[in-house]
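First, one chain by itself in structure tokens, the form predicted alone.
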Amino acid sequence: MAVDTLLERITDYANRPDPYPLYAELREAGVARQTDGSYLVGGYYDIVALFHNPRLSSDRRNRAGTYSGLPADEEEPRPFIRLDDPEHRRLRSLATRPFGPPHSPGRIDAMRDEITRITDELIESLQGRTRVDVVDDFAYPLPVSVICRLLGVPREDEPTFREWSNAIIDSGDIRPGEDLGTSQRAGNQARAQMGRYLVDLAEQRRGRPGDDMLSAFVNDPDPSGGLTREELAATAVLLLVAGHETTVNLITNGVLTLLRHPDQLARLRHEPDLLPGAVEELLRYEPPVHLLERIPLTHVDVAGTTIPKGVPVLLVLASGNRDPKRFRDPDRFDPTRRDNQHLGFGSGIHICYGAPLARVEAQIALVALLPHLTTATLVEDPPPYRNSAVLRGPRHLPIELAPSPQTR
């Protein structure tokens, strides 16, 4: 088939279970111009070069025209992942103060016991059951509980912000040829409502801080100034949504991959020290985010193709992660793979803000799940997937568990 229809085929829900043959087709083409005028890039080295090219923008206001099926620009205020330096650097630095080095170097390590406690409680709730949904019963509630604790959001408000989060994620999806106006309006409304909710929570802690990040944002002693109310709203929404959505996919894709590779599952069960490397391999093999958009600020040459200024470029990270020019035997899941500089968290100045936390959550989760997975079987393979081609992962992952000796 023509390479100019690749985006249509990649985003076709029928290909959600296995888009990898399409990514191989993309790599063969090098750079593929699509029917809407946008471009796809799927080679590892090309993607890395573009991530580090200052002539590529993350700000959709730099698009030259509109592109049907691509998410429109968000309403103000924009999160820092949609901005370029120096504004991106300023906002990301302020967001990092209460999260990581140099101002809060112990934040993630201090969360380990809490993450382990939440994980143990979820595992305990599975005892005696012979069928569970990995997403609803474990992979979703774990990162949601963690990000709520980290930000200082009441866990009981989850049903409300889950609806907002779903609308925001849907508004960021790519659907060639479709009118995204309805989903864009719903996403903007949800973003505004969630922003007001989070700012109100933060303001309640001004002068009365807790140990959470919302408290830190409104009680920052730095004389250079902190986040404005609008910037706080955009940043808090980004952290709450991105802080759990991608980790749900990472854990769920991890369980699915291990159940499809029982030999590697057994090895990890007996050699748990391999888990950190296994998480990195999962981020390469089945990444939680498959595509990211960039916009050239001037004409850019990629693999012999000149991409005009202002024309969207879609970097297909999951394709780069399977590039045989970078990874030996790339379609093989190998938890002991060395030199694994994958694109699971992106690269360059926009590399994933929450990567350290996601790694810790995935490692603790999989260590706890491994004993239960050795006798588990998939109810459906492939399982039902989420609609999104960007945040690709199972919507549900039902598995059968062998009865424990006490219940036989």
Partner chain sequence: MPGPGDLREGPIVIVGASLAGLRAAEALRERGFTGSLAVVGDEPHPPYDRPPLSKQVLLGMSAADTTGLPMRRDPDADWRLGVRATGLDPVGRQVLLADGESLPYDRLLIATGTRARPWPRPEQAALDGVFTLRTRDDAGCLAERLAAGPRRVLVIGAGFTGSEIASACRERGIEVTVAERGTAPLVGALGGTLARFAAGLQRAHGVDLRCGVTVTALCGNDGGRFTGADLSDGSHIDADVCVIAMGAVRNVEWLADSGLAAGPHGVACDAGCRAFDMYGIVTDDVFVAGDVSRFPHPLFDYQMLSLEHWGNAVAQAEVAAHNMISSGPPRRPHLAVPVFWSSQFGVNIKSVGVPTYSDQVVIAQGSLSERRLVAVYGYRGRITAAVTVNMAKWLEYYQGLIEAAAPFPPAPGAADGHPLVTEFALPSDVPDPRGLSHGPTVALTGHLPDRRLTVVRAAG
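Numbering follows the first chain given and starts at 1. Here the structure is a predicted model, which is why all the values come from computation and not from measurement.
Here the subject shifts to the form predicted together with the partner chain, a form of this protein not shown in this document.
*Asks:* Can you tell me which of 153 to 161, 255 to 263, 174 to 182, 83 to 91 lies within 4.5 Å of the partner chain in the predicted bound form, counting heavy atoms only?
*Replies:* That would be stretch 83 to 91.
*Asks:* So which of 64, 367, 379, 349 gets a non-hydrogen atom within 4.5 Å of the partner chain in the predicted bound form?
*Replies:* Here the answer is residue option 349.
*Asks:* Check each of 275, 201, 292, 297 and return the one that places a heavy atom within 4.5 angstroms of the partner chain in the predicted bound form.
*Replies:* Looking at the other structure, the residue within range turns out to be 297.
*Asks:* Given that the partner chain is not shown alongside this chain, does residue 53 nevertheless sit within 4.5 Å of it in the predicted bound form, heavy atom to heavy atom?
*Replies:* Yes, contact at 4.5 Å.
*Asks:* Is residue 360 close enough to touch the partner chain in the predicted bound form, meaning at least one heavy atom pair within 4.5 Å?
*Replies:* Although the partner chain is absent here, residue 360 would stay clear of it in the predicted bound form, with no heavy atoms inside 4.5 Å.
*Asks:* Residue-level question: is residue 48 within 4.5 Å of the partner chain in the predicted bound form, judged on heavy atoms?
*Replies:* Close contact exists here: in the predicted bound form, residue 48 approaches the partner chain to within 4.5 Å, heavy atoms only.
*Asks:* Taking heavy atoms only, is residue 57 within 4.5 angstroms of the partner chain in the predicted bound form?
*Replies:* Judged by the heavy-atom cut-off of 4.5 Å, residue 57 is in contact with the partner chain in the predicted bound form.
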